[in-house]
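Okay, here we've got a single chain as structure tokens, the form predicted on its own, with questions on binding and movement later.
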């Protein structure tokens, strides 16, 4: 007897080669789907490759954005298991400089307890013993499980593992048009900048993982997503001014974090809103704000040698009425455009943070599988990732 022919697994095209797209490619191939990921530049060349490399404990959001805080601490703990060796597990300090900071610290400590974030109060002497470069006039500090990682190497582990399982990763392939028939997305068309040739890729479903570019991508399909690109300036200084992640103990603001990265210290970040994520700029007054505010928690920031300043756009979920972007949540959302816009075969994932990219991918993969009639569990919670070097080995 001849065995019945098995129809091929559904094919999903992912538009966007940042951390979320990388994690989603892995999640989907582990569930048995065929995956092609296209990215207009080099992988991680957008927002993913430009952040400060903080593995959030969630404490920054615990007071005013509990949902994001819980997402962060859960992924913080999970990623350490599936990506061993990717993180400098250096912890973080929220430092109180004045009485207003200390009053906020009481709220922060309580909120950490409510959201499951391990936290402990330190005296000024204890904090200075851990970090001698802190402002000597600090009044207290709270220690939390922040950590740091390389902004490119963690996503490369998702890419490498997805590629080893059969995903096709196509950098420098810019999508310029959605193939839409009868209000259903059937694939993508675009231009391959490596060969200078146009391409078309058919799909059973297309996922828009374009981060701050998600609104532009969705418009190609006649769909809409409420994305507010919110750039921020980051400042890299020569010298490792701290070994832990140092945060100002107050509501999120400009220049209130210093992140150690190898032999550099990254001071961040400002916040404003734009319409076009390709037109950000690096305002000089924002750079100076990093020096001014950063030096309040680590005085050596003021005199440390300059290395570089740049900006990156956060893909925040919200309407165009935001003033600075800080008032918008850092949580994420998956949009099924059949339900939202009457456009089939098309899903968008946006919002979130680098820390929550895997969780964003899991949520999106659940939606994709539901739409395609596939029953398969998420395996990225347990799958230990290949090293980042494996991406270039094959």
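Numbering follows the first chain given and starts at 1. All values reported here derive from a predicted model rather than from experimental measurement.
Not pictured, yet referred to below: the form predicted together with a small molecule.
Proximity of residue 45 to the small molecule in the predicted bound form: non-hydrogen atoms within 4.5 Å are present. In the predicted bound form, residue 31 stays away from the small molecule, with no heavy atom inside 4.5 Å. At least one heavy atom of residue 220 is located within 4.5 Å of the small molecule in the predicted bound form.
Within this chain, residue 314 lines the site of the small molecule in the predicted bound form, having a heavy atom no more than 4.5 Å away.
With the partner omitted from this view, the residue of 368, 38, 62, 359 that lies near the small molecule in the predicted bound form is 38 [heavy atom within 4.5 Å]. The partner is absent here, but in the predicted bound form a heavy atom of 232, alone among 92, 232, 255, 96, sits within 4.5 Å of the small molecule.
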